[in-house]
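Only one chain is shown below, in structure tokens, and it's the form predicted on its own.
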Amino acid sequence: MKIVAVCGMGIGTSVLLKMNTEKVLRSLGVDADVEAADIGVARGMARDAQIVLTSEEFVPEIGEIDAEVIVINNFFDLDEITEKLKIALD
């Protein structure tokens, strides 16, 4: 499984979201590759991804893709990430 964490620049908040997503996946016992991306390359990176995690503001820029796009309101909130990933993984 491939998950892409997206922010505007791909160097700050997307890396934070990537690290927090990896923590959540470990706690859930789910094996996945999580990559951080900026909005400019997110669409291309999402071609073979199953899930894209991002903030509400970037959803329109990602456009229509096959991956499930999940809006994360607080990239620091492990409970939110856990809750939303559990729903997506079911």
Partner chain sequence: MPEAAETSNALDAALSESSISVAASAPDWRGAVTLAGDALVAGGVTTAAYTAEMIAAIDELGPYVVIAPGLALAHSRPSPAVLRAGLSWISLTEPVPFGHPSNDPVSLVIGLAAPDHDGHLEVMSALAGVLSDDAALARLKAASSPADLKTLLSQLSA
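Positions refer to the first chain, counted from 1. Being a predicted model, the structure only gives us computed values, none of them experimental.
A second form of this protein, the form predicted together with the partner chain, is not displayed here; the remarks below concern that form.
Q: Which listed residue (D33, E56, E64, D48) meets the criterion of a heavy atom within 4.5 Å of the partner chain in the predicted complex?
A: Residue within 4.5 Å of the partner: E56.
Q: Indicate whether the partner chain has at least one heavy atom within 4.5 Å of a heavy atom of C7 in the predicted complex.
A: So C7 counts as contacting the partner chain.
Q: Check whether T82 has any heavy atom within 4.5 Å of a heavy atom of the partner chain in the predicted complex, and answer yes or no.
A: So T82 does not count as contacting the partner chain.
Q: Consider L28 of the chain shown here, and say whether it contacts the partner chain in the predicted complex, taking contact as heavy atoms within 4.5 Å.
A: Contact with the partner chain, no.
Q: Can you list, in sequence order, the residues from 11-38 that come within 4.5 Å of the partner chain in the predicted complex, counting heavy atoms only?
A: Result: I11, G12, T13, V15, L16, M19, N20, K23.
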